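So this first bit is one chain, no partners, the form predicted on its own, shown in structure tokens.
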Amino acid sequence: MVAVPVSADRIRCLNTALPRPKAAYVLYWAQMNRRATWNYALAHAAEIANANDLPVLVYEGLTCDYKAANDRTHTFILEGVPDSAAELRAIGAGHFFYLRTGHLSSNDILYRLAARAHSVVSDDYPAFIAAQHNTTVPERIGIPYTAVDSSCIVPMSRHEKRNYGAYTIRPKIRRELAACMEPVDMPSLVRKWRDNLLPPDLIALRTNVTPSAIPSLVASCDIDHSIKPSVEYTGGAKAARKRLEIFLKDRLRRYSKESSQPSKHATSNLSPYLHFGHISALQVALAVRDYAEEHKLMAEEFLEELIVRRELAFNFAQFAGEAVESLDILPDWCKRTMKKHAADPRPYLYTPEQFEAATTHDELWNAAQRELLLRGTIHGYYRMYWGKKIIEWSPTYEDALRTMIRLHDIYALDGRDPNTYTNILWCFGLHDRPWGERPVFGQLRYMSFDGMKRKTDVAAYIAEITASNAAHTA
């Protein structure tokens, strides 16, 4: 069976350089989609390699100087490396992982690998480091640099402008979706990888990552060691697939009724794995659709979140650029109502340190913050409440935004993601509508503790987080 080529609307050529005529391999730089399967970028690298009778080398790097670099993020990323390495070996691709442990360590590995490559393929991703790299690296690389969209089910390029809500992007996605809901075809590699294609001095810099070595590797890095690994999540493709299996067999049938009840544990818990690319949204969507059809279950609500809402966030990040961390990108009605209510007295005022330490007067908010501190995620429904209260208890809207972003940068395994930025700015009115006027919020949607008590089992959630906190801080 011949693999179907990766569609052209997933591919962006980011420079005009010519391929290296006497190359040793095609280089795939896995920045965000750190997996060996269901990966359009890797498939495209394989297409180029086969067309030029070359092998594929996959490069993954982890540096020590990204914003808020700490043990939690480092550990989760490193836990995914053995899975990727094994799966790449199985298909005949090479794998080169480099851990930059300190600021004096080599920081040119990509360029040294590219110096022997025909061309570079990487991930088209509209936020954080990948977006920065895809702006600055292509003109310095000296060979073709191509970015491929492996994050969205419907390619980002099919949306020619920014959508202003789910109601505008939903019909566009539905028109395109059927054609996009097909497994990713990975071409069989004609040329298999051999380590002797790299010089010994470069191979000596490659980091060997085994599960048992991860704690010592993390400890060797010049990062913040006070932020401990998640007590809930282990990184990697195997862990992601296990989470998906649990969701299908135990939670999908409960999702529509119980997903907004944090204490019921009816969600997929896949957001960290989607963020770091340990699993593909397309793989999840097809598995959920097929399982639901086979077992006569309802999957529409979950697929709405996974596809429509998630891809609305990618669309927003794509057109917002660096403004994803700014209130300036909000609709005019949001900015007007915040300006009108900027001087309103706040019922409580907390410092960033008090928020971080979960020492507010609100036991539900504190529990949500402790979940973030312990697990690296907050249940989506309570995360909305968490954000709304930071607005209500901060001196300014700008202070509230900085607090939310900072806490996600440090603690959230699904932070620095288009979904993260979109959901934070949703608290300030993005992708929402004006509501009734009230102090501090103006026309922004308001959420209350009493409302949470009516709609969710607050007591059960607080008891669970309290017990977990006690168990892991004893």
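Each residue number is its position in the shown sequence, starting from 1. From a predicted model like this one, the values you see are computed outputs, not experimental measurements.
This next part talks about the form predicted together with a small molecule, which is not shown.
Residues within 4.5 angstroms of the small molecule in the predicted bound form, judged by any non-hydrogen atom, belong to 413-421 and to none of the other stretches in 65-73, 413-421, 22-30, 47-55. Of the residues given (363, 176, 344, 305), 305 alone sits with a heavy atom within 4.5 Å of the small molecule in the predicted bound form.
Only one of 144, 229, 82, 380 lies close to the small molecule in the predicted bound form, with a heavy atom inside 4.5 Å, and it is 380. Residue contact check for residue 34: none of its heavy atoms lie within 4.5 Å of the small molecule in the predicted bound form. In the predicted bound form, residue 427 approaches the small molecule with a heavy atom inside 4.5 Å.
Not displayed here, the small molecule is approached by residue 267 to within 4.5 Å at the level of heavy atoms in the predicted bound form. A residue is said to contact a partner when one of its heavy atoms sits within 4.5 Å of a partner heavy atom; residue 271 meets this definition for the small molecule in the predicted bound form.
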